[in-house]
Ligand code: ARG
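Starting off, we have a lone chain in the form predicted alone, written out as structure tokens.
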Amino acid sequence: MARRTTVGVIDVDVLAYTAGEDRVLDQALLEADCMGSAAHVTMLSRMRLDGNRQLLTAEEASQVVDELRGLWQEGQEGRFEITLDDQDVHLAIERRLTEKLGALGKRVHTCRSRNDQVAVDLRLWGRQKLAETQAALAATAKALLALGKKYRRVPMVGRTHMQPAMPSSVGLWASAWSEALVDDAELLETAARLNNRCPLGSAASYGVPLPIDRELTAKLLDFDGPVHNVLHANQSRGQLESIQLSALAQVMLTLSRLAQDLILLSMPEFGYFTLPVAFTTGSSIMPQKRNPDVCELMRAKAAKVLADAQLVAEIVRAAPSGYNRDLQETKAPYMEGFAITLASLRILPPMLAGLVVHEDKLREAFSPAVYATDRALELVAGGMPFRDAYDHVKAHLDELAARNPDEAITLKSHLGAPMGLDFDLMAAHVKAVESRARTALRRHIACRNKLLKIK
């Protein structure tokens, strides 16, 4: 059985198979598609053909934009529908514009393809999500700094190979994760820079024989500029999503390792921390249980984002040049990666704010062996060769029984050590991430409002 659609007659089973999840996933792209369409018709209205002819007048473009704003509003209210016959958000919008505007609606697709439409939609959607991720990352990094600063003078056994190693502090432990997230933010910023170029106007990957103004379209959409090569503009799709997912995966790696520490250090055998009750779950059979499910799921969700990045890379790995329908399958993992990372970042600040730190347990965990390296270096400072000092301390660990953990960490005052942490500097780095995110979000929303004439 066949069915007639905007792009031809298609077998029903083939239609369902090829449409895939787009009817659901593309709801998230409605705003971006309205923005791209508004910029496109504005550009078409300024384009002049031979004899100064116009494809669209300014008044016609304004009519289209008014309808796009209405469709965007429907989406905000959850009333916009993408049918199986539409296949995707692009044809759903074209159908609605044609129903409202007749022949004018049929002219909106001039000089573009669904290839460059979805490419620009994903870049606009990704631009917003990258900024939201940076903002959530900054909030988590700030929460870790607040925890570290509050307990900066509380000693904590530093570990290597999970075994007691050297005197450390809660401040060093917490702020280390904050700095890791700031490093991860640099990757997100690079991904955002690569993403913020406009593919619109590349059409099916080979340009069009009409004098479109791709620089104008890029400017209207507040991109840094157009992707220069029209073939690259389309076939960068997939690889660009893989880059962003790889950056997200690094964030999730940091969160997963932090979650692992929180699980281990809140075990009764350690007892350093107690997770807030609201962030633990009970057992269906054991009344006493308070399980660290949030942290456990964070480890698993990190694996999913890593898999999403690899999946997208594998999908495009053997693709020939030009557009290939395989790219449709990159959309779901791309969106999932952002959803997981954002949810993980947003749940951590309140959990960290409610974390109970047991100072007595942290100090009790210090054994004489923890001070061994510090003592060896004291002997070196007194003139003993390091290897001799190493051997002496190893043979006389009992001499360290009277050591005090609070005094031990005060001796480590060089840059970045427990008592040499510059919390103001680290806070400034977090604030810079936060500021970039806020600026990017503000610009994106201003761009949307200007294009769609939203008051």
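Predicted, not measured: the structure shown is a model, and the values here were computed from it. One rule holds for the numbers: they count along the sequence shown, beginning at 1.
One more form of this protein exists, namely the form predicted in complex with the ligand; it is left out here, but the text below deals with it.
- Three residues, His40, Asp213 and Thr217; all within 4.5 Å of the ligand in the model of the complex via heavy atoms? No, the candidate spot makes no contact with the ligand.
- Arg325 within 4.5 Å of the ligand in the model of the complex, heavy atoms: So Arg325 counts as contacting the ligand.
- Message: When the contact criterion is heavy atoms within 4.5 Å, does Val120 count as touching the ligand in the model of the complex?
- Response: Because no heavy atom of Val120 falls inside 4.5 Å of the ligand in the model of the complex, the answer is no.
- Mark Glu179 yes when one of its heavy atoms lies within 4.5 Å of a heavy atom of the ligand in the model of the complex, and no otherwise. No - in the model of the complex, heavy atoms of Glu179 and the ligand never come within 4.5 Å of each other.
- Task: Tell me, yes or no, whether Lys129 is in contact with the ligand in the model of the complex, where a contact means a heavy atom of each within 4.5 Å.
- Result: Looking in the model of the complex, residue contacts with the ligand do not include Lys129, since no heavy atom lies within 4.5 Å.
- May I ask you to choose, among Arg96, Lys301, Lys142, Arg237, the residue with a heavy atom within 4.5 Å of the ligand in the model of the complex? Among Arg96, Lys301, Lys142, Arg237, a heavy atom within 4.5 Å of the ligand in the model of the complex occurs only for Arg237.
- Task: Answer with one of Asn196, Asn115, Ser266, Ser246: the residue that has a non-hydrogen atom within 4.5 Å of the ligand in the model of the complex.
- Result: Filtering the options by heavy-atom distance leaves Asn115.
- Taking the partner as it appears in the model of the complex, which of 107-115, 368-376, 159-167, 143-151 has residues with heavy atoms within 4.5 Å of the ligand? This holds for exactly one stretch, 107-115.
- Select from 78-92 the residues with a non-hydrogen atom within 4.5 Å of the ligand in the model of the complex and write them out in sequence order. Residues within 4.5 Å: Asp88, His90.
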